[in-house]
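Just one chain is shown here, as structure tokens, and it is the form predicted on its own.
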Amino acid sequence: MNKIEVAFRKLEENYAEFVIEGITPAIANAIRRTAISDVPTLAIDEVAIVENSTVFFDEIIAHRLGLIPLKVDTETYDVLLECYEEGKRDDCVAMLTLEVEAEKPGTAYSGHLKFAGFIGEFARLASAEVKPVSDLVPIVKLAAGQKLVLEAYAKVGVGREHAKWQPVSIAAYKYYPEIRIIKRECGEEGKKCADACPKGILKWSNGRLDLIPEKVEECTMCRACEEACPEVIKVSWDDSKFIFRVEGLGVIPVAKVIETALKRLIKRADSFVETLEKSIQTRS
């Protein structure tokens, strides 16, 4: 088995860029899909409308509320994950309320949602809080005298059920580029090659063509340089090495998204192996 190596290029609260080496394209795609569709998060799933005199139907408001990302701390998320994996999603509920009455034309925003407490097993998280990632997500515009009062119940789910449970906006990868310069001393032809690169990865000086090492990973493998001067340069890729970019929505840190995705992927693989072994034993 190939040795797997991971090197982070960037790791921020809501963005990560890293290189994985020693895996297959199938595994790379499994990691990407798991990060998007199989990392449990919290989102509004049920809404009880108490009063609605706005121009939107109750169903539209409920739908818009569901798409507001909700932020939780790490301790709360660990309980949330435990609830989901034990099949207790209906026993782990966070309640939020909203009450807006317009004296003059205005807008109800996500910031008007107020955390009202936990229900079920979440109730043991007395000091925890659930709140929108941003207070500036518009829900509905109100004319003077209009009113919106509701209770919203957030539950645990995963992205394959509905996009509102996706923890990331982007999870993508590409092959690691391999750029081979055949003729470094190439005269004016090398200048044409360098100028053709849209990412500025190549430099030409005094008749010599070179790579700019710190920019190699920006290569999109468009092969514009190769088309401009096929006798000078060749572009390919390493199908066991991948550059990942993951952008979170702020519901949990992106590092936690990656960690949870890998753990759930490994757990599924172990379950598959265990089931396969039992099936073989039964047949024999």
Partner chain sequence: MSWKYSRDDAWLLVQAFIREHGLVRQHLDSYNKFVEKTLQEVVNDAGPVESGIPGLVIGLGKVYVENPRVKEADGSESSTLPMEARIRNLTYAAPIFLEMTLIEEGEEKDRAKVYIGDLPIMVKSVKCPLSKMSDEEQVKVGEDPGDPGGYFIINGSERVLIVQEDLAVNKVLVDYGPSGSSVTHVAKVFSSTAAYRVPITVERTRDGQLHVTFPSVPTRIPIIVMMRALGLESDKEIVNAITDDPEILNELYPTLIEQSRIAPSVEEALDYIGARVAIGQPKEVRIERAQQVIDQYFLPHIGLKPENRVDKAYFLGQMVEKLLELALGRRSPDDKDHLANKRFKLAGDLMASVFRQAFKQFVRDLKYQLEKNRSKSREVNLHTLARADVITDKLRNALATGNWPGGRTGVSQILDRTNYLSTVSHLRRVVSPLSRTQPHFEARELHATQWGMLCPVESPEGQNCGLVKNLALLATISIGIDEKEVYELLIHRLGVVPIKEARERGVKGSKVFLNMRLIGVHEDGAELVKVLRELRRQGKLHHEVNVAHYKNEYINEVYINCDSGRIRRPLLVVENGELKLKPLHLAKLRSGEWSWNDLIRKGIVEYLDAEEEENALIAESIDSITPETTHVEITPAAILGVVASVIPYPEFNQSPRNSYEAAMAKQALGFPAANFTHRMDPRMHFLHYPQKPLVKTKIFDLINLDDRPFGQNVVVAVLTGGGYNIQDAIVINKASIERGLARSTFFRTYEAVEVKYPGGQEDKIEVPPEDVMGYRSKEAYLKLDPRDGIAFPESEVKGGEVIIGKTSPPRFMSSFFDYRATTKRRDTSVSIRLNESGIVDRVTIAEDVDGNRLVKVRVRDPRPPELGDKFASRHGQKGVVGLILPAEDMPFTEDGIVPDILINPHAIPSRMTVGQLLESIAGKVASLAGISIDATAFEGTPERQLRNMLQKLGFRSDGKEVLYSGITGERLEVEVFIGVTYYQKLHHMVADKIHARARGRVQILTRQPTEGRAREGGLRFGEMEKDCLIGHGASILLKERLFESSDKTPIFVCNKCNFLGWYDARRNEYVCPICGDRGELHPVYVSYAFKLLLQELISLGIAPRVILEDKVGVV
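Computed from a predicted model, the values in this text were never measured in an experiment. Between two forms, the rigid core is the largest collection of C-alphas that superpose within 1.5 Å. Residue numbers count along the first chain shown, from 1.
Here the subject shifts to the form predicted in complex with the partner chain, a form of this protein not shown in this document.
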> Would the partner chain be touched by all three of V72, T76 and T260 in the predicted bound form, meaning a heavy atom each within 4.5 Å?
Replying inline: no
>> Between H162, R89, K183, K203, only one gets a heavy atom within 4.5 angstroms of the partner chain in the predicted bound form; which residue is that?
In response: H162
>> Quick check on this chain: which one of V100, I170, L211, V133 has a heavy atom within 4.5 Å of the partner chain in the predicted bound form?
In response: I170
> With the partner left out of view, is A255 within 4.5 angstroms of the partner chain in the predicted bound form by any non-hydrogen atom?
Replying inline: no
> Taking heavy atoms only, is E231 within 4.5 angstroms of the partner chain in the predicted bound form?
Replying inline: no
>> Against the partner chain in the predicted bound form, would A26 count as a contact residue? Criterion: heavy atoms within 4.5 Å.
In response: yes
> Taking the shortest heavy atom distance, is E46 within 4.5 Å of the partner chain in the predicted bound form?
Replying inline: no
> What are the residues of 171 to 208, in order along the chain, with a heavy atom within 4.5 Å of the partner chain in the predicted bound form?
Replying inline: A172, Y173, K174, Y175, D195, A196, C197, P198, K199
>> With a threshold of 2 Å on the C-alpha, tell me if D195 counts as moved between this form and the one not shown once the core is superposed.
In response: yes
